[in-house]
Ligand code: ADP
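What follows is a single chain, given as structure tokens, in the form predicted on its own.
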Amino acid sequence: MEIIHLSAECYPIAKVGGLGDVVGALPKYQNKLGHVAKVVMPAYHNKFIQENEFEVVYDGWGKLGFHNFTVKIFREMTNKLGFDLYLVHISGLLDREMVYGYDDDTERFLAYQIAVLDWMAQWEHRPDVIHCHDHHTGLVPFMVANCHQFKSLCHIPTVLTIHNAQYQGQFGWDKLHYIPAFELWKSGQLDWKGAINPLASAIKCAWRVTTVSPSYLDEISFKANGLEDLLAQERSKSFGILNGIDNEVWNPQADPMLEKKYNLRTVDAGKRANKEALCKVFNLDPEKPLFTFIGRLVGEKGADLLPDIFYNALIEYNGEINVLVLGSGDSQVEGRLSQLKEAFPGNYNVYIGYNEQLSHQIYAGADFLLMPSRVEPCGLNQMYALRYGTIPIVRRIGGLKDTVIDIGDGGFGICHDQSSVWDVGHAIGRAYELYVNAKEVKEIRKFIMQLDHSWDKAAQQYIHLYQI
């Protein structure tokens, strides 16, 4: 099969969250199964584009309402990612450093989708599947099925993967003219609650809909930021497929970003060396249990609770634990987390920002990873932590519930039911008690490093989905 993945993110080209990791790995594993998977994404003005070689495969123009724009599509020449990568360059719209956060994001991603379909309409062949990821590509299923200029593509099956239903990309009907001509009586396929809603439209129009974990498919039936009724209507074509992780990128035995590489046999010494290196940089004590948080500092992740969680824990355990935070997001949360450094020198530190190498080092050096999420469609961080022998502390929700079993239930992690300061504090207490039992911690580390959360199974599940 030939599979075209459309996404706003793809690691290592551009990554804001888990979407980038998924799109950077799934096509590679589909290719390993003997298929031809490709990624087509925007060409942002970033380091990856500046440091790699590309050839122009398409030079044309597109139309966004009354405005014309020029398009160039570049192909990465070395296949270094394990799949064909195509970047859509639209001067003035996509050639910016950030992926999101601009006032004209609606125009940017609409132009990207139109440009991709204009290009594909000129191919002499047709791919077997167009796989759309989140709302940034959500109008593709509608346009393929209904827009006159894409009539030649109308029989290509489209699949939508919902990575996070909270973000839907809705915009007003005053921008309807941006979408290429179609029969106006079909406008209902764009509408949800009085606005053009790309995610809702994709749920209606895509041949199949997937979520990134089975539990998340169940959860969005009653918590999907207004899309609950629609998802219930379309449940028969919806499937939950648990994300995997790229075991080649996330491999403590071969990870070039670590202070010391390690495997099952050398895990204790390896984690110790990485912990000592981390603690040296961040003025922490390697003899104490190291609790960490890695991710976006936003409400979905429960990040607003972190300052109180860590303050209480550091007071309660009177300097007997260490805490290290890596992330960025809400400025108030950033400020409160930064202030804790003054109150707890030698026991607490924070790195505000995004640092891929540091994240690998923390997974390798930490003892526990906190994920007190309010929403977690799949979650990859807990799987990275398991791979590196770090015990996850998670809320039972979404993909966290699908991947982490509590030690009290014969499992290997620490789970709690609510995103609250008390619940997480209690979980930290359980983790502290566990840490004292060094023998049990060593056994858990070796067990969790052997858990298989690779993309092999999920990639095959997607292939099966395309074919039914």
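On a predicted model such as this, the values are computed, not experimentally measured, just so you know. Residue positions are given as counts along the sequence shown, with the first one as 1.
Beyond the structure shown, there is the form predicted together with the ligand, which is absent from this document and is the topic of what follows.
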property	result
Among 86-94, 68-76, 101-109, 357-365, the region lying within 4.5 Å of the ligand in the predicted bound form by heavy atom distance	357-365
Touches the ligand in the predicted bound form: Pro12 (any heavy atom, 4.5 Å)	no
4.5 Å heavy atom contact, Ile294 and the ligand in the predicted bound form	yes
Contact of Tyr262 with the ligand in the predicted bound form (heavy atom, 4.5 Å)	no
Non-hydrogen atom contact Lys301 with the ligand in the predicted bound form at 4.5 angstroms	yes
Interface residue in the predicted bound form among Pro345, Gly353, Gly194, Gly335, criterion: non-hydrogen atom within 4.5 angstroms of the ligand	Gly353
Of Asn381, Asn322, Ser201, Thr137, the one that lies within 4.5 Å of the ligand in the predicted bound form (heavy atoms)	Asn381
Residues within stretch 17-41 having a non-hydrogen atom within 4.5 Å of the ligand in the predicted bound form	Gly17, Gly18, Leu19, Asp21
